[in-house]
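Coming up is one lone chain in structure tokens, specifically the form predicted alone.
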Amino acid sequence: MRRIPARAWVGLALLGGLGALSFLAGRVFPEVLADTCPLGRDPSRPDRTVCELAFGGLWVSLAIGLAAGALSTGLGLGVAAVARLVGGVLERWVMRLSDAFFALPDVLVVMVLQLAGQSLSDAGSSAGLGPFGLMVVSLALVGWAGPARMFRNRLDTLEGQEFVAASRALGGTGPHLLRVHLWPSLRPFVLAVFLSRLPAAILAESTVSFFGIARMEPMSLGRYLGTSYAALIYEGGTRVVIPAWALLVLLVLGASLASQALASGPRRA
């Protein structure tokens, strides 16, 4: 019987708790944060409390991380599966292409994509992508290469197992091997890769938004911090910035704990 490591449960519980808290406080009962926030109102936005802005930003950052992580993981898995099924020269070229994408600086490329997308949006050619969709697509375009390389290597390892070789010798096709024999062993790894993309996407989005390049509305944690850091020069300004920083750190910590624990492999009882 396989057991999920305790560290993974801690990370998943932290992620789930933050997601539930941001959903309940920021979406279902926003009036609670508006009426009872002990940190008071944001000086630059007197109509909102610090708690409303921090937990609202947490919800947006988490949603971006989940969507971008899922999309980049799906793209990487698709590319790796097709490469292994086709094999030969195409597989080598696809892996070279993924290596080239992986070498690109993620944050700088996301900044360029954001500026290009916003220019198209201003010109009326955004293809229906709002700021949220544009950010998710940008993060997925720079984030698929790493998962593709990891999935290809894992598939190559799994295909070396004896029962897979036996199935192939009995006439099993590539899609059959992938669906019946490889996918069950690959699923925990897919979850670990997805969770590893989550903090990477959140940090990249936060960095781009912090510098004011992304137009995330409602504001993510990164954009909130980018528009509020000036509060630090005022007495008591830390009450405005610290909560958002703390939520961002906890969010990344939860995803990192879960992904590292799952990637290290499940234990057997």
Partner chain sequence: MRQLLLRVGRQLVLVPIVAVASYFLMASLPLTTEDDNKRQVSPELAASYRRDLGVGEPLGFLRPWQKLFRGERLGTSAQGVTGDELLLKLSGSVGVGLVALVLALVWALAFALFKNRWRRGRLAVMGDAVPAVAFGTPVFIPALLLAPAVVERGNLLPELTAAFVISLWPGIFLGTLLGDALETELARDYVRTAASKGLPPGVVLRRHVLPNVLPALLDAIGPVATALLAGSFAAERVFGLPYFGQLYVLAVLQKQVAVVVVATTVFASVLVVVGLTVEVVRLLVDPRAREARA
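Numbering follows the first chain given and starts at 1. Bear in mind the structure is a predicted one, so any value in this text is a computation, not a measurement.
Unshown form predicted together with the partner chain; subsequent notes refer to it.
Only one segment in the set 40 to 48, 23 to 31, 54 to 62, 214 to 222 has residues whose heavy atoms sit within 4.5 Å of the partner chain in the model of the complex; it is 214 to 222. Using a 4.5 angstroms limit between non-hydrogen atoms, residue 166 is distant from the partner chain in the model of the complex. For residue 122, a non-hydrogen atom is located within 4.5 Å of the partner chain in the model of the complex, even though that partner is not displayed. Contact annotation: residue 249 falls within 4.5 Å of the partner chain in the model of the complex, judged by heavy atom distances. Taking the partner from the other structure, the partner chain in the model of the complex has a heavy atom within 4.5 Å of a heavy atom of residue 116. With the partner omitted here, the residue from 104, 82, 180, 90 that has a non-hydrogen atom within 4.5 angstroms of the partner chain in the model of the complex is 104. Only one of 190, 111, 137, 95 lies close to the partner chain in the model of the complex, with a heavy atom inside 4.5 Å, and it is 111.
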